[in-house]
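As structure tokens, one chain now follows by itself in the form predicted alone.
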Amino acid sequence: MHKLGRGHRDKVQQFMTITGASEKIALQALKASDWHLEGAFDFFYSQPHIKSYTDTTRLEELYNRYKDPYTDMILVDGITLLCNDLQVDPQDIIMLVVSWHMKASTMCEYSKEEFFIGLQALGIDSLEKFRERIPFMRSELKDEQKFHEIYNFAFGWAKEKGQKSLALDTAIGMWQLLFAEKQWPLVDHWCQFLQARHNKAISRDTWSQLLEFARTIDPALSNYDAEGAWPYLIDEFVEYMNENGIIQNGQFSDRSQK
């Protein structure tokens, strides 16, 4: 590694620390991604060899530590214990990213298959490896495509079983969690608007379109097109912003923010 420049050496060390990979594999992944760390992580975790890093017996032991005593699933108590072991808050967005990797169908529960699939894909078979992967999973939220996938996954994951829509309180909690990462300046105004004017469950269409709205429309709403194909709720939100003086003379004023 002595032939590398300092910047490249630092990336190799960082990659090895987060993934637990050897220097040889770190160099291979970084070179394959033109020395972009995010791309190197993607390359590394998408490779078939990762599954050989996981020991099924150890995975079974990990699963048994958290599974419910009365049913073959990990439920709320098991997830709380997992969070304690990982030293993360159960409300931390990392648990959403974990659930996305597991392709979990419902919040606060993992089937054995979901648990195994997710952890094998991440190369995890111990708590130590789980903790080591957390920085990588946090980094995934910075990737726009992955954030989009995680955001869309969150709707189905968070809604009640058998329901087509997402309860308003749950949707607001998820938006505040997700947009704390994405840093959309209007998220609190959006949530206040929903509580004041809507007070109903949120449809999948509104959920998915809001991310596009937050991504493409500036906070002053200057490029908002009333003739665009936005859901009616987003159109009403724009009216609310103007009526309440939050948008004045084409400028976003945050003075009303509590």
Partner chain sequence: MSNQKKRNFQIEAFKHRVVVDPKYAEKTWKILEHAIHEIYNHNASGLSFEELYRNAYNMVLHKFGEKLYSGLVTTMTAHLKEISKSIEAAQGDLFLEELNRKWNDHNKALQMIRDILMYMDRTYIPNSRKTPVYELGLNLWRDNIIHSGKIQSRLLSTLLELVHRERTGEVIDRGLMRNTIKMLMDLGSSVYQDDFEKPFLEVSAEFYKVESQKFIECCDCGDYLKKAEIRLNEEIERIAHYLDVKSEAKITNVVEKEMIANHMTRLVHMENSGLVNMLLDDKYEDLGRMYNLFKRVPNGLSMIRDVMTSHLRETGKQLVTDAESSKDPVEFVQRLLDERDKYDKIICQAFSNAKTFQNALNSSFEYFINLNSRSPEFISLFVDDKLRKGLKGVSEEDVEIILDKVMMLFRYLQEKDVFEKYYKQHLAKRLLSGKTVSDDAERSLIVKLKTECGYQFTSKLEGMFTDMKTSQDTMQGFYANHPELAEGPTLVVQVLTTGSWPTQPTITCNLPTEMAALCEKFRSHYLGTHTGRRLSWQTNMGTADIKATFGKGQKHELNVSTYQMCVLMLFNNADRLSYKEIEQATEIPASDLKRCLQSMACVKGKNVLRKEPMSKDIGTDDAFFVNDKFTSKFYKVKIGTVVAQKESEPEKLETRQRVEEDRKPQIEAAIVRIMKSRRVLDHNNVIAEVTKQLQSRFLANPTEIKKRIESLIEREFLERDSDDRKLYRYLA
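Owing to the predicted nature of the structure, the values given are computational and were not obtained by experimental measurement. Positions refer to the first chain, counted from 1.
Keep in mind the form predicted in complex with its partner chain is missing from the figure; the text below concerns it.
Of the stretches 170-178, 157-165, 84-92, 100-108, only 157-165 has residues with a heavy atom within 4.5 Å of its partner chain in the predicted complex.
Taking the partner from the other structure, its partner chain in the predicted complex has no heavy atom within 4.5 Å of any heavy atom of Asp34.
Residue contact check for Asp225: one or more of its heavy atoms lie within 4.5 Å of its partner chain in the predicted complex. The closest non-hydrogen atom of Glu212 lies within 4.5 Å of its partner chain in the predicted complex.
When contacts are judged by a 4.5 Å heavy atom cut-off, Trp230 counts as touching its partner chain in the predicted complex. In the predicted complex, Ser203, Asp205, Thr206, Gln209, Glu212 are the residues of 185-221 with at least one heavy atom within 4.5 Å of its partner chain, listed from first to last.
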